[in-house]
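A lone chain, given as structure tokens: the form predicted on its own.
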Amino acid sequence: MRLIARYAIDRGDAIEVVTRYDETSESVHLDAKAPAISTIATTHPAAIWFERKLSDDFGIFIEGAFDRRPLVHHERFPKNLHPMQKSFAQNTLDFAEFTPYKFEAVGGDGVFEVAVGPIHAGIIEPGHFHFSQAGEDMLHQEVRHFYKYRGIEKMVEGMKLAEAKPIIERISGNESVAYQIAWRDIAAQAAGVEVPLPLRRYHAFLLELERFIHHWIDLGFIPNDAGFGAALAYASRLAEEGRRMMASLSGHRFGFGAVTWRKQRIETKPILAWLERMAKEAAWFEEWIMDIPSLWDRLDTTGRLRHEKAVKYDCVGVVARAGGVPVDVRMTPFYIEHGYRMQTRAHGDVGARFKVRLAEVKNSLEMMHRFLERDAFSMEVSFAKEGRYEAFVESSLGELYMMVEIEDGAIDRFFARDPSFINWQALHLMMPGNIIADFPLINKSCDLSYAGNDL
């Protein structure tokens, strides 16, 4: 079984811990006065972050855990304060006494440590990377994030689904449409309606457009980090074309507000011409980039995540598929009928992740052609029946999972597991055998979200 998520719900006298696998779900009710549960990290290493978060958010003791360090509570977060408990209602916090965080490190003669971040000389969000080095060689890396902690899970409690949508769609800017489709699926389930085919097709078009944009950003930055800046200039132009198309359809370059229960009439002729031009641009780029031996000398064999490790860490998205793990939410009759084809590679290195993205860009253009709908459509969805609802969406970063529990017509518990929350935990496996100068290249090839990782 593949681990999807592990999260908790405060039930008053008890705390329910839900462990979601791909084929089943398990629930355990713990005594709220002394909640404790056994770790599953020995069989699913990616459970470590979920369990450390359970401890921080709810005060749950994880029996058998080999890592009890805080995850989202940083050095000056008040001790014994668990913000996801229902009794927590503070709007502000006072700083607690500074408690140093003990990083993982490899000892030995000549081994030293390198700290990178959390503030970087670029346009990325805060994140810390801690290396153990022997000269240029990386022996070990630890990822430490969660510098944002916006309190989104708590923030949306008590809101109607419609009220929470503007917050949910801004969780991660590079997955805005994906988060909105997850929200849409949950709202439809709670209202007891099926999403009609015209809307499904239109929203799927927007989701593939979002994938098109972000894959092009990666297809530019990966060669750029290997010293081939011309690719970044070319790919950035195509990503910008995608942003302008998104703005023309939704009114926003990042697609905020794009997924609704209404669709305007679309003039399809210029969009079809744009899709055909983008297909030619992608074909030209592929022929150009695949014929640069010095570039592939940097990308091939660098930052390899072996198939068995990708499976063991329950990886998703391009990170998994590049290692031959066929995980993709789009593997459904709806997508297959519209031209979807699973893209995988075997080597799991930077080159494989680049090739999967390029193949997916071309496949997305084919699907967008088939998803395009001209006619207007609208419907009303408002009623929300009590219950627990789940949604899975294949974002440009991988499988997005969302759970919402509705009580008295409002959100009682919101949980989202961004694909990055899983894949960040496998990043360190790609470092040994490479030099520290390869780290930006490896990191970019995975394209993991900082904001989506930290609610």
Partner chain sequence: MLRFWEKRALTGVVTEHRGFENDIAQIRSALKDEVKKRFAGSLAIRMVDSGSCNACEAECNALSNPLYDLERLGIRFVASPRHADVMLLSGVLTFNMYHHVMDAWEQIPEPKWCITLGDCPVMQAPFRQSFAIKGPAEAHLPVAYHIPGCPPSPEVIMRGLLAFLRSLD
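Fair warning: this is a prediction, and the values are worked out from it, not measured in the lab. Positions refer to the first chain, counted from 1.
Omitted from view is the form predicted in complex with the partner chain, to which the following refers.
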{"item": "Contact assignment for the partner chain in the predicted complex, among R243, H203, K355, K263, heavy atom within 4.5 Å", "value": "R243"}
{"item": "The unique member of A115, I124, I336, A376 whose heavy atoms fall within 4.5 Å of the partner chain in the predicted complex", "value": "I124"}
{"item": "Stretch in contact, per heavy atom within 4.5 angstroms of the partner chain in the predicted complex, of 293 to 301, 313 to 321, 94 to 102, 203 to 211", "value": "94 to 102"}
{"item": "Residue contact check: W288 to the partner chain in the predicted complex, 4.5 Å heavy atom", "value": "yes"}
{"item": "Contact flag, G220 vs the partner chain in the predicted complex, heavy atom cut 4.5 Å", "value": "no"}
{"item": "Contact test in the predicted complex: P198 vs the partner chain, heavy atoms, 4.5 Å", "value": "no"}
{"item": "Distance check, A359 to the partner chain in the predicted complex, heavy atom within 4.5 Å", "value": "no"}
{"item": "Heavy atom within 4.5 Å of the partner chain in the predicted complex - qualifying residues of 162 to 178", "value": "E163, P166, I167, R170, I171, S172, G173, N174"}
